[in-house]
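Below you will find one chain, with nothing else, as structure tokens; this is the form predicted on its own, and questions on how it binds or moves follow later.
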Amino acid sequence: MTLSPTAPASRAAVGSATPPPVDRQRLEHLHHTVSGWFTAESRDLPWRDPDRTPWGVLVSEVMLQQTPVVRVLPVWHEWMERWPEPALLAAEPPGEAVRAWGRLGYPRRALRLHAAATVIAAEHGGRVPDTEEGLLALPGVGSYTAAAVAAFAFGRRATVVDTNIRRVHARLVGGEALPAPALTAAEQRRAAELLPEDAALSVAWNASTMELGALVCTARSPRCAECPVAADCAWRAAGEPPPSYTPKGQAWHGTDRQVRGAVMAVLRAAEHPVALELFTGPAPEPELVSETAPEPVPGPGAGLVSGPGGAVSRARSPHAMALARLHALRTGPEQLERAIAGLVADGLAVDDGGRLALP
């Protein structure tokens, strides 16, 4: 069975394990229409600039995993200013990568980037490999990241399949409200079949379907009126059937992930290793400067407040504030110990004789 440019998908096709093929004429129409929309409507992002570097693309792809663009942008800029080349990151301790990762979440990604930078510097002359095979050989680089970097950094024809692309494919061609909870072999085959043969057009198709899913064909509230291919959408033609399952967001409050994140915030803010008892004891008081201020006390913007006799009380340091936030969680000792042990086991922290620090 094939789908003509105007024929809706049948109910049977929508629920089939292997999506029906799309005829060549309709496929070319989709390629050029969506790519044209991308040229006109895509966001201006630094890792899409003509002067982007493969390293900048690799960093962006790792940061963007499970993290929205708005949170990634400032951290990406900081990384690229500090480490514009992989060798510069490789020359630093891995803990510096974790510290600079900030609050992006899933900080093991920072360790993977550091490990990849180390291999790139040592085995590839400081240059990011330009093939999927070479990228897959880097530590921490999986099939999605390898395909994305090959396509977006080097213009290779590669099948890129992220959550946004899967959703666009599911609705536009499969007639389904949402893709399966996890990537299936059938979805991977469909993505490969939809990929243009021309390398340049394949890169544009990957980027444009990803952007369409992020901005228009969203999971919860798709803006079909703004979609350039709404008239070709199999899901709309089928009457917009509801999803076969209810997506569940990941829990956060009260979880080990939340506690791990709070502990990591303390370590990132600390200039020296932190005694383990500080994690379980009472939150520290604000730091005090006992000297009498020889000059007028600076205003509140400077973080200083006048005290009795001219003494100056400094606002809580970032380290003290991070500890206070950790203690505010009122985490039980078992969960706290489990979180710390997990961080040490994952290489995100080191326990040096009862003092915890970044690696």
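Values in this document were obtained by computation on a predicted structure and should not be read as measured data. One-based numbering along the sequence shown.
The discussion below concerns the form predicted together with the DNA, not included here.
Just one of R99, H124, R108, R156 comes within 4.5 Å of the DNA in the predicted complex, counting any heavy atom, and that one is R108.
L104 is the sole member of L104, A177, A90, L194 with a non-hydrogen atom within 4.5 Å of the DNA in the predicted complex. Proximity of H32 to the DNA in the predicted complex falls outside the 4.5 Å heavy atom cutoff.
When contacts are judged by a 4.5 Å heavy atom cut-off, R71 counts as touching the DNA in the predicted complex. For H272, no non-hydrogen atom is located within 4.5 Å of the DNA in the predicted complex, even though that partner is not displayed. Put simply, T39 is far from the DNA in the predicted complex: not one heavy atom of it is within 4.5 Å.
Only one segment in the set 259-267, 198-206, 73-81, 231-239 has any non-hydrogen atom within 4.5 angstroms of the DNA in the predicted complex, and it is 259-267.
Interface residues of 213-236, taken as those with a heavy atom within 4.5 Å of the DNA in the predicted complex (partner not displayed): A214, A219, R220, in sequence order.
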